[in-house]
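Take a look at this one chain, the form predicted on its own, written out in structure tokens.
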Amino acid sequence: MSDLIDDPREGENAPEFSVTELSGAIKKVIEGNFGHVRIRAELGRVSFPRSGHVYLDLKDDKSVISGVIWKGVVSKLPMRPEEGMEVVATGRITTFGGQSKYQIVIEDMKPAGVGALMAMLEKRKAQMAGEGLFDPSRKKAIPYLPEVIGVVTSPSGAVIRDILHRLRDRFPRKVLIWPVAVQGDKCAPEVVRGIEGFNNFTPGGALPRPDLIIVARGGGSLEDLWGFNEEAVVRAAAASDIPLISAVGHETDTTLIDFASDKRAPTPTAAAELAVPVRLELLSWVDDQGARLTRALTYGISQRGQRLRDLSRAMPRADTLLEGPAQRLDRAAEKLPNALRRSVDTRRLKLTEAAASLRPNNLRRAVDAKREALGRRSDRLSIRPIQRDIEQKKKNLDALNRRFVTAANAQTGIWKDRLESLERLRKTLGYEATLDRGYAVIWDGDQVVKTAKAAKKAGALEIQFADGRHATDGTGSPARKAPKPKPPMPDQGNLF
């Protein structure tokens, strides 16, 4: 610019500049005098256009400086710029000729002290709580005994060794480690990739999908733990389909991932204790439950056995229950032969009476009587039609007589067959059929002698064989003659 001033044009007192030349000269002056600067200020307006750059204002109580953060730098910032945040920005001062203004191109930005971080943390916490990311109803239950546990942490720190040692002492499980940076610029994106990576595992695949995820880190300052307060990490923890335990820092350290996780552990070691039960305690509990079950079964069986014995004493004996029916059966068996004989005799008498009424002589007399009565009537009726009718009636009567004789013979045959069948049944069921096989019946008068004691008491005995009876009194007296068989019933002959 000094060269331009020292070389004025001819005929004029002051040189002339174009807008671009003047703007460029000003830019050289500002960039030459102010290279890299650090500014402590409060963020005012913050804009996030689609290009990926960030435009903002740095202000204090009197002045405002515009600032820009290029897209490549935004992804490297340790936090997301927000209005009202107090920061320390590092960059270079330059001008923007298109709008005649100067601005700072920010290359690094950090919160200005713990107070600013805490204010931003509380604001972010309130925002996410309003979205429901911390709602207890969204939290999933931790599995009682997971088969596979995924751990998102640094593979070289003491945290993973403490977790593995505690798991081995309590209940050994399969552990998958997703190595991440636990502080710095890479912390948040790597933790997000670890949580989402475990959730993207295929169940039953070559690499087993974890049943539980532990996000762990040791203690540190608020700046060291800031990666676990990032919005991307909190949203990944809340969106995880796998139950997640956060174990970031020590007991007094609290990060936003603790509110979004399904369970918070005060330390990484405590996270391992929450993940699995104690194997020895489980075995002891199982043994205790088995002993209780055995005692309960033994007591139950004993009680039911005693109850069964009490009921059995109250129930009558089986032989007592059968005495009455057995006695009734014996009495019925004794009455059966006599009842059969009476039934046969009654049916024989009815058959005899029916056969007597069907004898040929009786039929002839009845026919003659009818004929004689018919003759008397025919004498009084000399009309030929009546005679022809009488002759027809006579023929019908003869035909009816023949039919009646046929029916009577058939019915008589049926009755005779039934009578013979009943007689055979009587002989089969009676004791006489048993005598044909060599048995004998001993009588004392009208009583049957069944025992030797009764035979000794009897004065005279009578032995019935198949062909007759033999009387004896114990002194060798002659046997009685067998009774004469009953004469057979007279043959009824043929009715016609």
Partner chain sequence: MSETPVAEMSFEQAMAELEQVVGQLERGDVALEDSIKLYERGAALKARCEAKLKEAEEKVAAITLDGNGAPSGLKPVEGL
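Numbering follows the first chain given and starts at 1. Computed from a predicted model, the values in this text were never measured in an experiment.
Beyond the structure shown, there is the form predicted together with its partner chain, which is absent from this document and is the topic of what follows.
Heavy atoms within 4.5 Å of its partner chain in the predicted complex are found in exactly one of 315 to 323, 328 to 336, 139 to 147, 226 to 234, that being 139 to 147. Proximity to its partner chain in the predicted complex, taken as a non-hydrogen atom within 4.5 angstroms, holds for one residue of Lys174, Arg264, Arg426, Arg124, which is Lys174. For the options Arg365, Arg292, Arg371, Arg309, the residue carrying a heavy atom within 4.5 angstroms of its partner chain in the predicted complex is Arg292. Its partner chain in the predicted complex comes within 4.5 Å of a heavy atom belonging to Arg161. Using a 4.5 angstroms threshold between heavy atoms, Gly413 stays clear of its partner chain in the predicted complex.
Its partner chain in the predicted complex is not approached by Leu400, whose heavy atoms all lie more than 4.5 angstroms from it. Mapping the unseen interface onto this chain, Lys394 falls outside it, with no heavy atom inside 4.5 Å of its partner chain in the predicted complex. Shown here without its partner chain, the chain has Ile301, Arg304 in 299 to 314 lying with a heavy atom within 4.5 Å of that partner in the predicted complex.
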